[in-house]
Each structure stands twice: as structure tokens, then as C-alpha cells.
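Heads up, the chain below is alone and in the form predicted on its own; it's given as C-alpha cells.
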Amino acid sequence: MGLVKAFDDYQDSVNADIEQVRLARARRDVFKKALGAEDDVEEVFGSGSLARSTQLAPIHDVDLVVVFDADAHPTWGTAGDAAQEALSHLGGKVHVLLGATHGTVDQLVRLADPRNHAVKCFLDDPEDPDAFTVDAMPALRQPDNTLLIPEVTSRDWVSADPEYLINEVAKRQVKWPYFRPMVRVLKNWRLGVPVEGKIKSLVMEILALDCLPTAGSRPEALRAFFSAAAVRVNEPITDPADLCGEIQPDLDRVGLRDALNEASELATQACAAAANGATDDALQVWAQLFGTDFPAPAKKQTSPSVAAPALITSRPVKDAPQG
């Protein structure tokens, strides 16, 4: 098997099933249609990884933003009770329009639970840990085209610009057709990284924006990414729109840096093997990096060109869960 076919097959194991993606989009679109027809709603659009096409399987939730008419809600956007009022108002609309018992547009939502920034709408049993949810976030459009969103914990409203990241990812995809697929690969890789706590998927997306080349082959782009990201992660990873600050303040930055350095060494070794014509050796190293779902020969064939480095016997990388 060649490297191109191997990467194609591995990508298939990382990507969400197309029928699952279609179902998630269909559910999101029901919300868009129902809420978008309300008199005090100016627009409804999808956000999050599904809107950026960087989602992993399984898909348990989708995000959308409901932009309200500020004139219809003159107290919104101010400190105090307005943040909770906005979430309660949106939750009430969801109940009337899409409630599972008497929804006027559709009967989908079993529970609409206002949270900190959004209303979490359960389409399945709320007690089910894999329940599918739609996170609907109320917002006001500001003159600079950014959004003002409620924050219940601070009893205030904060600025955000989810469309910035959507647009940036789309631009990279235009430049390099593998950008979104490689973001999914990197988000999947981070699931097996031995760090304290978790690595938010958005951290990997921002690292990809900063460090993933938008040209060349996938192996070479990954090699360059891991090398650059191992340095980049030493600095705080912040909202690319420069509005919301650090994305994950509790990130185990040292653990992630160590994993990126190790991945950089392995990717460099794999690329060197491929350059020397030792395709099977390259496949073996990529499989060590990405786990057993990466197709590689069952028995490694030793090549003089890659026999000297001892890197592939270093700390094992855990297999990443696959969708």
C-alpha cells in the first residue's frame, strides 16, 4: 500500500459517517427554520465544528447562534438579569416551537435547559450520556459585526466572533484541500495524548491555523505541523478573533508539548523513510504515531535507511478512539 492510499484509508476511519453528518445538519436546520421565522429574530446560523466541517465522530451535538433584534429587547446587552432573561426567552421559544409534546413546528426537544451561554436542547433522553443536543445561543449583533452573548455566571454580556474562525478555516480549505481533513486527524490524535485532563478540540484547531501548512503532501504538512506546534504551545493559545482570551487555561501545556515533540520526531523519521523509498517503514512509523487504525504492513520490514534511529522505540503513543 502506498502512502496516499494509507492516508486516505486512515482519513475514512477518522471522519464521521456521512449519514450521521446529514442527520446532525437536518436537526440543526429544523431549529434554524423554526427560530428564524420569529418576529424578534434577525438571523440564525450554525457555529461550532459542524459549521467548520472539522467535526469528529460520533456527533452528539450541534451549535447554532440566534441573533435577536436589539430593538425588541432593549434591556439585553446590559449587566444584571438580562443574561438570564435572554436564555429563558430562547428556551421558552424552543419549547413552544419544537417541544416534544406540543411543538408547533416540530416535536423534537425533550428538555430545553438554559446554561451559561446557551440553551442546551435535548433531543434524546437527558439521562442518556450520549444524548444528542442542540446548543442554541442567543446573541445581539454589534456595529462592528461581532456578537454580544449572555454570560449567566458573570450576570453580564461578552463579545464573541464565531464567524471569524468559520471564515478562517474556509480560507485555509480553499488554499489546500486537505486542511479540514488534517484538522480532524489532529483532533483525533489529541485523544490519545497522555496529558493531565483533556485537550479541547478547539485547541487543536487553533494550533492547526497557526502551524499547519496549506501546501504540500499530507505527511510533510504533518511533520511541519508537529515541529512548529511543539514550539507554539509554549505560549497561550487564545481566541483567534482576539475577543475571548485563552481557550483552555488549565491545558497541560508541558504534556502536550512533549507529545508534539515526540510526534515531530516520528513524523520526521517517517518522511525520511519515504524519501528513501522505504514505504513500508514509513507506514509503520505513521501507524505508531496514529494508532492501529492507520494501515501499515503487519510485519515491519527493516531498512538500512531507517535502522539507526531509535526513536520508534520511545514512549508508546496510545491508540486513539476512532469513529
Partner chain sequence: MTADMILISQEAAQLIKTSGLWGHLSLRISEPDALAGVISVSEQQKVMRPAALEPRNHVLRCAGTGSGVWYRVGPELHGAALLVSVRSSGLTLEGFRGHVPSGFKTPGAMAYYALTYAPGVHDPPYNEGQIPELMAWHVSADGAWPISTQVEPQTLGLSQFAPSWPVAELSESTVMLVGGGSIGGAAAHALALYGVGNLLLVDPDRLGWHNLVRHVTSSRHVGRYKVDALADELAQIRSETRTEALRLDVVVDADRIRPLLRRTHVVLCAADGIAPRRVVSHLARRAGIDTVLACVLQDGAFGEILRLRPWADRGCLVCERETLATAGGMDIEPSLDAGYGTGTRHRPMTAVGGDLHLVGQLAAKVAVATVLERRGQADQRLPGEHTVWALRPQPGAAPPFDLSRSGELRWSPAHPPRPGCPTCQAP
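Residue numbers count along the first chain shown, from 1. From a predicted model like this one, the values you see are computed outputs, not experimental measurements.
The discussion below concerns the form predicted together with the partner chain, not included here.
Checking T54, S47, Q288, S264 against the partner chain in the predicted complex, a heavy atom within 4.5 Å turns up for just one residue: S264.
The contact residue chosen from E235, E196, D124, D113 relative to the partner chain in the predicted complex is E235, the criterion being a non-hydrogen atom within 4.5 angstroms. Within 4.5 Å of the partner chain in the predicted complex, a heavy atom is found for every one of A224, V231 and R257.
For T268, a non-hydrogen atom is located within 4.5 Å of the partner chain in the predicted complex, even though that partner is not displayed.
Shown alone, this chain has one stretch from 239-247, 104-112, 216-224, 196-204 that lies within 4.5 Å of the partner chain in the predicted complex by heavy atoms: 216-224.
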